[in-house]
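In the form predicted on its own, a lone chain appears below as structure tokens.
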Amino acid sequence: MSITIIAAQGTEMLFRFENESTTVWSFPERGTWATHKPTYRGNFAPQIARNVIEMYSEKGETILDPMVGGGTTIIEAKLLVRNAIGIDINPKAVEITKEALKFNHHPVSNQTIKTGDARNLSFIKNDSIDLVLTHPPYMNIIKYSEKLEGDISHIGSLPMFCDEIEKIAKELYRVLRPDRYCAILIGDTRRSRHFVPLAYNVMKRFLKAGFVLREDIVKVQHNCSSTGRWVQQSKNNKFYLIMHEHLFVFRKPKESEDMSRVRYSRDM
């Protein structure tokens, strides 16, 4: 389908976008419509945000991104006429996102961006968010601040990182409406040439918080900055370069829901 949007300069842009229908997503060309930019290191493709928002929310509903980064989720929320709350512990990320939202779009929706900690969303009421969509750090692979207090991108210990993720998961569970969705894009890493299943461990903490797993979408990575040296090292040391991430879609169960029907998709 073809979609017309209003760009930052107020001009019309026409781009082609097809919603995904399988659990393998591949975007060789990152979307660059509106104010989307790839310059914020580690941000995800706007195609991911658009697919999730259109699948799991309706116009006028409220989306939360508690680790907003470069603002991809919030830009798409505005374009798709969703209200949104964007939070980041790093004030620089908050300013980048606020700047990215400086474009006109009609119909109008409301986007609130503020500095805060995803582990403490006390200013958001219980059961008030319609969709959560976020892209947390992958431990300390990319450090998003100069040792900012509370920044989980400086945690290099898998158990310690997952402990903090569990705190975030509990807060997201609290603020999300029952029978609504929380989508998390997370990848894996290597240590000493061995695979570290970061995504699997993060998934387990969300299940522990009470969520049930609706989808595990494999997102293919493109244009990674892996040099020839890394390719050669992988051959010499007998390991493959990681070229995928996981987009987990969790659901918050309804009150008094019969959980036996989803017993294999929840914490056991």
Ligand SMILES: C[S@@+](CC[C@H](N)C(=O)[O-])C[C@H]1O[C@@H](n2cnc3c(N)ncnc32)[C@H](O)[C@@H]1O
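In case it trips you up, residue 1 is the first one in the sequence shown, and so on. What you see is a predicted model, and the numbers here were worked out from it, not measured in a lab.
There is also a form predicted in complex with this ligand; it is not shown, and the following applies to it.
I'd like to know whether Asp188 contacts this ligand in the predicted complex, with contact meaning heavy atoms within 4.5 angstroms.
Contact with this ligand, no.
So, in the predicted complex, is Asn51 in contact with this ligand at a 4.5 angstroms heavy atom limit?
Outside the cut-off, so no.
May I ask you to state whether Met203 is within 4.5 Å of this ligand in the predicted complex, using heavy atom distances?
Looking in the predicted complex, residue contacts with this ligand do not include Met203, since no heavy atom lies within 4.5 Å.
Please check if Ala34 has a heavy atom lying within 4.5 Å of any heavy atom of this ligand in the predicted complex.
Answer no; every heavy atom of Ala34 is more than 4.5 Å from this ligand in the predicted complex.
With the partner removed from view, which of 236 to 244, 41 to 49, 54 to 62, 209 to 217 is the stretch that lies within 4.5 Å of this ligand in the predicted complex, judged by heavy atom distances?
Of the options, only 41 to 49 has residues within 4.5 Å of the partner.
Any residue of 116 to 131 that, in the predicted complex, places a heavy atom within 4.5 Å of this ligand
Gly116, Asp117, Ala118, Arg119, in sequence order.
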